[in-house]
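Given next, in structure tokens, is a single chain: the form predicted on its own.
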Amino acid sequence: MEEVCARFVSQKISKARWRPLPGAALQPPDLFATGSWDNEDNRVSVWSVGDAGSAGLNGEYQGEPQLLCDIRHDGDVMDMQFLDQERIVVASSTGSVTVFRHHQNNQTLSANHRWENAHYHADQYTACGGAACTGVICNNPEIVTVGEDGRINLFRADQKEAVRTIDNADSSTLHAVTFLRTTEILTVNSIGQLKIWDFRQQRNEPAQIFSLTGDRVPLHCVDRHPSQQHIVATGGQDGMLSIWDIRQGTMPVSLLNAHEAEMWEVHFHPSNPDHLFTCSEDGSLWHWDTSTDVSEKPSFLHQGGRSTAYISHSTINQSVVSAWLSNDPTKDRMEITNLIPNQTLSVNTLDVLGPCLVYGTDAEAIYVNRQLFA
């Protein structure tokens, strides 16, 4: 049974994000958005994954993702996040941040609000001064952006001006940001540092700084464990996966060999965080599984997709009891599966929600796997 549907879209895809489900929804996600980069005409697009009921004669899922609507976007899409069911916040290489609204009644997208030059190098008002906005994270109505200019902005969806700006938050490029709590964010930068910022504090200094030892390897991506907020995963230029416990020490608790090139995104599964997903410039997308009984699991991959490696947890500096940090002997190995057996060009983005995975590549294609845990 073929589980992955591909759609060739004639654009390099830089970001893909599932639309969040309403609070009590039990159904799998049905809509996702993508953004493109390195094209003459970049676009933000909204897709439907089609009707799950439209199975073919052999029971296989039929129907590639269907384009519902799209809109032109100035510059490369550097990051994007759904603010709510209808609004998508998009970060641009031009330095602007745009809120697009998806009108579901007539399937159109419109620019709802834009913060021009949210990020800039020399002068906010010169034409050539734009600095790429590299990361955005939302906690409705709040939106935090970071950029090449080392600046952090806190916006509110309904306000024209920034609520708070930390101008020289970092002397190097900030690549990504995530919320730790409603008032705290975590940023990663191009010299291998994590910094915690507390918006309750008036001073423009990080509350805490963590860093990779030795080489200052640029960090490209970060995600926080959905239920244990002290556990954070990062990935960077060397393809390594780093797991951090921000309650203790200033270094990662584990460094795991992962991809052969830059890791572009890392995501804990939002409701099943024993599962983590990473994607890379080397054309691979890995599923890391720390759930207890690895040995008895059936394969949930289409044939040819399985390449499993076991990592002994005993080599890792252990501290607190979590599947990611545990020294429980029943959890002494981790299963890693490459979900893309035939690697091609860079896998730039992934997102996971419920049983569904979406990812996008430089091969001008988007892929949807609707049965991660079949």
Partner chain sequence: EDFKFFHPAEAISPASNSHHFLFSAATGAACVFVVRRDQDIYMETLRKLFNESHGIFVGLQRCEEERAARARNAQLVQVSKNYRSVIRACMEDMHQAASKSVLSGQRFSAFFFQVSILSAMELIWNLCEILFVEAAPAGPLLLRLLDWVQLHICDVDNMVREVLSSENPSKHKLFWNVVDIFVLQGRMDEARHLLSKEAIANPTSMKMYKILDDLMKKMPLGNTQTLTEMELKWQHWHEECQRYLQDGTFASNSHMESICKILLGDENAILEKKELMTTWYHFLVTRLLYSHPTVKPMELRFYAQSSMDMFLGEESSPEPLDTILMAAFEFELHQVIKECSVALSNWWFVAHLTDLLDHCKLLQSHNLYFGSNMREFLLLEYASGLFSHHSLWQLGVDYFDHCPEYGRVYLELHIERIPLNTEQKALKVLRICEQRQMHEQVRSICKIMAMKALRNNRLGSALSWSIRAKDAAFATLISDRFLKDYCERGCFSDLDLIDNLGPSMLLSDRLTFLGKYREFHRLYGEKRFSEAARLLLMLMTAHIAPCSFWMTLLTDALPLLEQKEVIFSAEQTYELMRCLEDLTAGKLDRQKFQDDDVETMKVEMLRLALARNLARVIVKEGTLEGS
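In this text the structure is predicted, and so the values were computed from the model without any measurement. Residue numbers count along the first chain shown, from 1.
Below, we refer to the form predicted in complex with the partner chain, which is not included among the displayed structures.
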At 4.5 Å between heavy atoms, is Ser96 in contact with the partner chain in the predicted bound form?
no
State yes or no: in the predicted bound form, is some non-hydrogen atom of Ala169 no more than 4.5 angstroms from a non-hydrogen atom of the partner chain?
yes
Does Val90 reach the partner chain in the predicted bound form, with heavy atoms at most 4.5 Å apart?
no
Contact of Pro218 with the partner chain in the predicted bound form (heavy atom, 4.5 Å)
yes
Only hit among Asp223, Asp289, Asp149, Asp245 for heavy atom within 4.5 Å of the partner chain in the predicted bound form is Asp149
Ok, Leu256, Leu180, Ala157, Ala261: which has a heavy atom sitting within 4.5 Å of the partner chain in the predicted bound form?
Ala261
For the partner chain in the predicted bound form, the stretch among 110 to 118, 81 to 89, 141 to 149, 270 to 278 with residues bearing a heavy atom within 4.5 Å is 141 to 149
Give, in sequence order, every residue of 186 to 202 that has a heavy atom within 4.5 Å of the partner chain in the predicted bound form, or say none if there are no such residues.
Ser190, Ile191, Gln193, Lys195
